[in-house]
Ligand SMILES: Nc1ncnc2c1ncn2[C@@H]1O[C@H](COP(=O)(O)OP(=O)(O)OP(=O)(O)O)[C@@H](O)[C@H]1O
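Encoded as structure tokens, the following chain is the form predicted on its own, with no partner shown.
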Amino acid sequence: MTDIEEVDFEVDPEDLDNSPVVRVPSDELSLLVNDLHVSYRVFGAKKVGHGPGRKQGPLAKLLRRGGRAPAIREVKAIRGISFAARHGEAIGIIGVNGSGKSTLLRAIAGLIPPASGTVHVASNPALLGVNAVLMKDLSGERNIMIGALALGLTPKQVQERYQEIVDFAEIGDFVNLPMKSYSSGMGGRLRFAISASAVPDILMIDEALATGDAGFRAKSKARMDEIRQAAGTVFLVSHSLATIQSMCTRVLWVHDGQLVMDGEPKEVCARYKTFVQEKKKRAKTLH
């Protein structure tokens, strides 16, 4: 696997908040995922790894285009995942690129129909990932309006919380400029500030904290704690084990579309780190 090189295992002192993650005990379920399967169909897929391809002449290419339908390959992105979430939990989701983390969030949010299985939620989940909703050609101000409305706020509520969102994101006068002029850090902070402007029962954050510094992560953790104390549930997808351990009360490890482990952050992250390091060693020996 080449994607394992992108996993962030560096845990600097400033990355981890020494204060324990606030735990909000509750027996009430906010979400139930039962034997979930999600598949994609890829059109025009070519077979690889079966010997050298043969060069085709113009006539052969023309006949192929006119007389044969493009190949279709089914990709099983999620394969039989089941788990329950309770009000007040902060659940981290880890795994190498292509493991199904973001697909799982999108299926829970109702953005992707399951091939089989079910997702039961107590209320509508709010998902605002790195590439969700916001438009780079529009100003930060317009994106705040669009993103907050997408989360269910009224125009009046957006106006009332506008300055709070700008201050939380720490973007200052850049709010009047197009988002394409923002650094990755500024864009990530604004996305989180918008997603946390409401108090959803289920908040899902996909990589939005990856570009924040230690101070911003501390603010984000405090905001996530507020949401959970208001009987909310938070899901956080991140490659940074430091972020996961400092912000989550529970971790799901997803690999190849399956749930490998579900448990305490320290234990799951340690097992995952060992797994990836062993993968790296095997990859080096093959080369």
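If you're wondering where the values come from, they're calculated on a predicted model, not measured in any experiment. Start at 1 and count along the sequence shown; that's the residue number.
What comes next is about the form predicted in complex with this ligand, which does not appear here.
Visitor: So, a 4.5 angstroms cut-off on heavy atom distances: do all three of R191, A218 and R223 pass it with respect to this ligand in the model of the complex?
Guide: Looking in the model of the complex, the three residues R191, A218 and R223 all stay beyond 4.5 Å of this ligand (heavy atoms).
Visitor: So in the model of the complex, does any heavy atom of A71 sit within 4.5 Å of this ligand?
Guide: No, A71 stays farther than 4.5 Å from this ligand in the model of the complex.
Visitor: Should H37 be classed as touching this ligand in the model of the complex when contacts are defined as heavy atoms within 4.5 Å?
Guide: Although this ligand is absent here, H37 would stay clear of it in the model of the complex, with no heavy atoms inside 4.5 Å.
Visitor: With heavy atoms only and a cut-off of 4.5 Å, decide whether A230 touches this ligand in the model of the complex.
Guide: Outside the cut-off, so no.
Visitor: Taking any heavy atom pair closer than or equal to 4.5 Å as contact, tell me whether N97 reaches this ligand in the model of the complex.
Guide: N97: contacts this ligand in the model of the complex.
Visitor: Looking at L111, M135, A84, V75, which has any heavy atom no more than 4.5 Å from this ligand in the model of the complex?
Guide: Among L111, M135, A84, V75, a heavy atom within 4.5 Å of this ligand in the model of the complex occurs only for V75.
Visitor: Within 4.5 Å, heavy atoms only, one stretch in 103-111, 192-200, 148-156, 165-173 touches this ligand in the model of the complex. Which?
Guide: Partner-contacting stretch among the options: 103-111.
Visitor: Enumerate the residues of 226-242 that have a non-hydrogen atom within 4.5 Å of this ligand in the model of the complex, in sequence order, or give none.
Guide: Read in sequence order, the lone residue that approaches this ligand (within 4.5 Å, in the model of the complex) is H239.
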